[in-house]
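Taking the form predicted alone, here's one chain by itself in structure tokens.
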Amino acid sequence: MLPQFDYIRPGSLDEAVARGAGDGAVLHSGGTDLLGCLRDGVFTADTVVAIGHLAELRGIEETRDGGLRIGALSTLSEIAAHPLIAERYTVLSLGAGSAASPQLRNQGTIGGNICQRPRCWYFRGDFHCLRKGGSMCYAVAGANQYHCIFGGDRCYIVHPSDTAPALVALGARARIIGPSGTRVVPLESFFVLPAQNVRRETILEPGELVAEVLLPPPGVGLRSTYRKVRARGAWDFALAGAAAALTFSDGRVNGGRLVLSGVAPIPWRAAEAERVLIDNPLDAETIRRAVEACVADARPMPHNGYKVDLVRGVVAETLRSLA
């Protein structure tokens, strides 16, 4: 059952920011994650500030420089089906289209998807873990088959979003609005590792919200795709996934990014694998070397070592599909 809270429907974006900065306030857009967290007691809220009706946060449109602006309230279904995104930013179209179920994609927004809370069963359950202000991460000695193999430090969550790795691969930025004004940050810098702050997943301060996502113009020769491995064919989170956005010239990779999903507390950029790819043809030997570079720093837990092989397989499939 949902707890009691005050519900506010502000008349403007400025009012939403002001109300959202209050103690015990949370923002509500699609609500596909927020309402579940409140119902299950993951966190509490004194005030829920609705922003789903604010027109300033909607819309998908081309920018003057040839990039794309995606309003934070754009649904995953809208993004997956948008012709410009499917044509120019295929990795994002596939990421949005592979998230959750059709019903949730119709309701869930891009802003909410990149800001959703971890799906760790200890965090979501009746455990006073580190991320909820406790003294320990129960996954360390517990059931950790779905936890991270990269970037774990005191807390071993995995980032649940399928759109976030695609956006990082594309070099997207987020425009953030808050009580102190507006700032634009690269999505790669938006997410917070447990070693930086074990209580937070993003850099958002109280009252701040993501207003829009900004995609740069697609590079010449860009090819991109997203693949993920999951336990079920639909309505499931990635056990391991790979978002690739690579540019090619004269048959060789000359730029781009490879970002892993389902295996780290943030969208995990495979920087060493990118270095292997640059200036090389995407042939079998280059792919083999890139795959091994991807898993070189993996630190599996007692029950999730299988994820190392999943990363090998999904990265190999992803790169072969772009070759």
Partner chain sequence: MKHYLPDPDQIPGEAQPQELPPWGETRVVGRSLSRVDGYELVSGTAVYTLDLTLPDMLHAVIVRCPHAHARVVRVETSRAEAMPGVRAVLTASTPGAEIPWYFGDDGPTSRLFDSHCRYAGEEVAAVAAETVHQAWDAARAIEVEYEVLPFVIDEAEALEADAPAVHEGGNLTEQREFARGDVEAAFAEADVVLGGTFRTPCELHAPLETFVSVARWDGDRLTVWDSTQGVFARQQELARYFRLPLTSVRVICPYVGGGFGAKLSTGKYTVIAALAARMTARPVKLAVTREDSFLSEGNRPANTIRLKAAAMRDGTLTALEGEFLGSVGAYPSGAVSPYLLLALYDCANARAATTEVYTNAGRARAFRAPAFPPCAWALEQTIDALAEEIGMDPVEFRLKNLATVLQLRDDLPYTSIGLRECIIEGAREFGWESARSRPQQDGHLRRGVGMAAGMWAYPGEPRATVFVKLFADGSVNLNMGASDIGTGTKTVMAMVVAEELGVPLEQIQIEHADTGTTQYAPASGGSQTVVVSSPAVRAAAVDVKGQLLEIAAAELERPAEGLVLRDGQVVPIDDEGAAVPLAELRGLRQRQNIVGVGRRHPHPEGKIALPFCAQFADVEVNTLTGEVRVARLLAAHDSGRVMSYLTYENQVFGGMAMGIGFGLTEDRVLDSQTGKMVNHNWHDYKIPTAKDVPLEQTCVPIDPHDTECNTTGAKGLGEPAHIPTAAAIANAVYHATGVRVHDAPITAMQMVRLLAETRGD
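Since the structure is predicted, the reported quantities are computational estimates derived from the model, not experimental observations. Positions refer to the first chain, counted from 1.
What comes next is about the form predicted in complex with the partner chain, which is not displayed.
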| request: Report whether the minimum heavy atom distance between D6 and the partner chain in the predicted bound form is within 4.5 Å. | output: no
Whether G313 contacts the partner chain in the predicted bound form should be assessed with a 4.5 Å heavy atom distance threshold; does it? yes
Looking in the predicted bound form, any heavy atom of R131 within 4.5 Å of the partner chain? no
Using the partner position in the predicted bound form, report whether K228 sits within 4.5 Å of the partner chain, counting heavy atoms only. yes
Given 61-69, 48-56, 34-42, 251-259, the stretch touching the partner chain in the predicted bound form at heavy atoms within 4.5 Å is 34-42
- Item | Every residue of F150, Y156 and L193 near the partner chain in the predicted bound form, heavy atom within 4.5 Å | no
Answer key: of G142, G171, P179, G221, within 4.5 Å of the partner chain in the predicted bound form (heavy atoms) is G142
Taking the partner chain in the predicted bound form and a 4.5 Å non-hydrogen atom cutoff, the residues of 246-282 making contact are none
